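Take a look at this one chain, the form predicted on its own, written out in structure tokens.
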Amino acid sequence: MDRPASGCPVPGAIDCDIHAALPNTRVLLPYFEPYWREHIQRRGLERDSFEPSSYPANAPINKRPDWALADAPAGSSLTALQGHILDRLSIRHGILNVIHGAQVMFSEDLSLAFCRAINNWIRAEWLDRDARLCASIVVPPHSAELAAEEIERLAPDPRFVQVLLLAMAELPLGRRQNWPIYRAAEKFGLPVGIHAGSSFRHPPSALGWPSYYLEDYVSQSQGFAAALNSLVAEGVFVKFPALKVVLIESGVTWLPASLWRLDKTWRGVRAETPWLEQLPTETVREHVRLTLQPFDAPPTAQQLEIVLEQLGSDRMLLFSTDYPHWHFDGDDALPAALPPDLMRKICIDNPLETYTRLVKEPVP
């Protein structure tokens, strides 16, 4: 397959990470239940944005200049998204992942109210207006029971194709207190997307609280490694054998070395986790996928080939643009060094295998 001179490397690709942003909290008011609408207005909460600090609004990493909006947060306009990504790159499906302060609120009830309003807003303002779009279910991660209720509520709508969590939460993600989320996700055939980010219940670094965003960002790969270790060691994939997990914005090159250490240590202490009957690497290759952007690709094609060989599977990578964040320039969302067959797997075949709710043919 020849790579087009412009547009997506593979027309009809599935973009597994698009960030829809709220213009402001007021747009959610029609989508709250009456009690919570009155509660929020009485407290004046609609005046706050509740945007997490992970992507400061004016930081260059927050948005590409050509994807910025004049009078609204980047990613908050459906029309702009259609022009910047869906039409320009000939996207078949785009999966919306909303990262919002709702996911880190201390009040579990308020967190659920905001998550539910966000999901209602996504459905009405985005999914109903463009058939190419689908979305992740935003849930209150610190109450697994409430999160499972929200999954049950939205699962009948096939346009919700994933459950969204943050990598660093109050508890390691594999702990049994979180299992109601995975049970509900498996029941409805929904992958669990684990996105870069923290609820800041604990320092993002194992050494304590960092001073600068630079430290916070770089610590994300450590957070993903810890989350993956927890899911494997606690037996999540043994208990829920049909579950798929997608690591979103984790990078890629950290994984082979992390898996080597996981396998090596498992051989010495495997008596502690008798439910792990195969190498952790084999479990990860079967159950775990990674979005490609931001892709921490090595500088040469030969080095990239080595990294992909170390992964040991051509099923693990999923195409993503991470719109509107600034992680690649122009239309080069994939490295040109990738073989055409692998490009197609990353852009189409792997996403369709992972997100079984997606329509197999391009949406008119």
Partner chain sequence: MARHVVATVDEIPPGGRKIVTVRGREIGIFRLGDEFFGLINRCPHQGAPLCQGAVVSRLVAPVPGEYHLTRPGEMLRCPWHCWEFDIRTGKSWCDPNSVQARAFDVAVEKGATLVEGPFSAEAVEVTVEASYVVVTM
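Computed from a prediction, not measured in an experiment: that's the story for all the values here. Residue numbers count along the first chain shown, from 1.
Heads up, the form predicted together with the partner chain isn't pictured, but that's what we're talking about next.
For the options G235, P256, P158, P203, the residue carrying a heavy atom within 4.5 angstroms of the partner chain in the predicted bound form is G235.
With the partner omitted here, the residue from A271, L214, L207, A242 that has a non-hydrogen atom within 4.5 angstroms of the partner chain in the predicted bound form is A271.
For the marked spot (R176, K264 and L276), a heavy atom within 4.5 Å of the partner chain in the predicted bound form is present in each of the three residues.
Of the stretches 227-235, 71-79, 137-145, 99-107, only 227-235 has residues with a heavy atom within 4.5 Å of the partner chain in the predicted bound form.
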